[in-house]
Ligand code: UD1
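Just the one chain here, the form predicted on its own, laid out as structure tokens.
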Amino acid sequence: MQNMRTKVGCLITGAAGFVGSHLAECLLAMNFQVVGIDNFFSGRRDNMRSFADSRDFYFYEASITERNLMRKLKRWHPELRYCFHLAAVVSVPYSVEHEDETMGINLTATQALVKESRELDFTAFVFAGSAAEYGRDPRLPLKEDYATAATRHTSPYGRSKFLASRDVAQSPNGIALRCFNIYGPRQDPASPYSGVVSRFLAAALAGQSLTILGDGQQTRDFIYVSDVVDAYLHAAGLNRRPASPLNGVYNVGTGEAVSILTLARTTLQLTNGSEAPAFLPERPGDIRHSLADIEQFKAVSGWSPKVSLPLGLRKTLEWFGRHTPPEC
């Protein structure tokens, strides 16, 4: 057990977000000190309810664009050694309408933070990349080196994440994880940032038809949130022995493609739903297929996904059973 005065500190940007709150909860359970920041642009205070009163959790409502943010936090919390940078503009439509703002937050602010982390001798700076960094690359499964400066990104969001991942990986203490389709508890189905899993579950529980855009044969690589949290810990070296952080860019997914139609059928089976899915026209610009090659990250870190889709859906469904989902 670590002495209370010498606990290692971890900074999480976007701590009130879906993934950030799960990561904070896990690190606190591992006996780390956690400093969280969020400006609630997409995060929710309620996500932090289970740990907000922990004596090892310190929260600041702030933007990652604030000058010298890490220096100030390091001065207040000298124990900080690890940064998990999850805060970002995460909406693709919003990024299209607000390109300059998106690049300023997702790229420029990230560049400043990783630079400060080096100057402050942080052991690791782990960045939340995105599968959107691959644009419309048809080669499957997607390998890390497929994303290049020549990649045609479909949005400022994808472009900003790619450029930020590249810069983070060039830092000696930088690790970027390109996560694919994350799902699980606390993912708000009413949020514009939510994924198809939470929307399907909320609709099925409400006795509504599941809405499928297109023919349902589109495929995605769905990964449960606890596996993503585990990947962040592996990247930083916090649950590996010997404890040593990685460096570079890595995919995080399951390596398994699941069609939207299969997801809908599984959801209906788990919820005893009888309403047939409703089909609407496919959204212009949607990527047809997405699948991660995760072999590189597995090889260097020892990480592997543990939660199957049926189990992950059941766990998420159990959470919905304890929480009244917002109207979809």
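Keep in mind that this is a model prediction, so the values were computed, not measured. Counting begins at 1, following the sequence as shown.
Not pictured, yet referred to below: the form predicted in complex with the named molecule.
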Of Val114, Ala132, Val225, Ala88, which one comes within 4.5 Å of the named molecule in the predicted bound form, counting heavy atoms only? Ala132
Exactly one of Thr108, Thr151, Asn173, Asn181 has a non-hydrogen atom within 4.5 Å of the named molecule in the predicted bound form; which residue is it? Asn181
According to a 4.5 angstroms non-hydrogen atom cut-off, is Gly255 in contact with the named molecule in the predicted bound form? no
Proximity of Gly237 to the named molecule in the predicted bound form, heavy atoms at 4.5 Å: no
Whether Leu213 contacts the named molecule in the predicted bound form should be assessed with a 4.5 Å heavy atom distance threshold; does it? yes
Do Gln218 and the named molecule come within 4.5 Å of each other in the predicted bound form, heavy atoms counted? yes
Would you mind picking out the stretch of 164 to 172, 199 to 207, 68 to 76, 143 to 151 that comes within 4.5 angstroms of the named molecule in the predicted bound form, counting non-hydrogen atoms? 199 to 207
Non-hydrogen atoms within 4.5 angstroms of the named molecule in the predicted bound form: do Gly195, Ile260 and Arg283 all have one? yes
Residues in 143 to 162 that come within 4.5 Å of the named molecule in the predicted bound form by at least one heavy atom, in order, are Tyr157
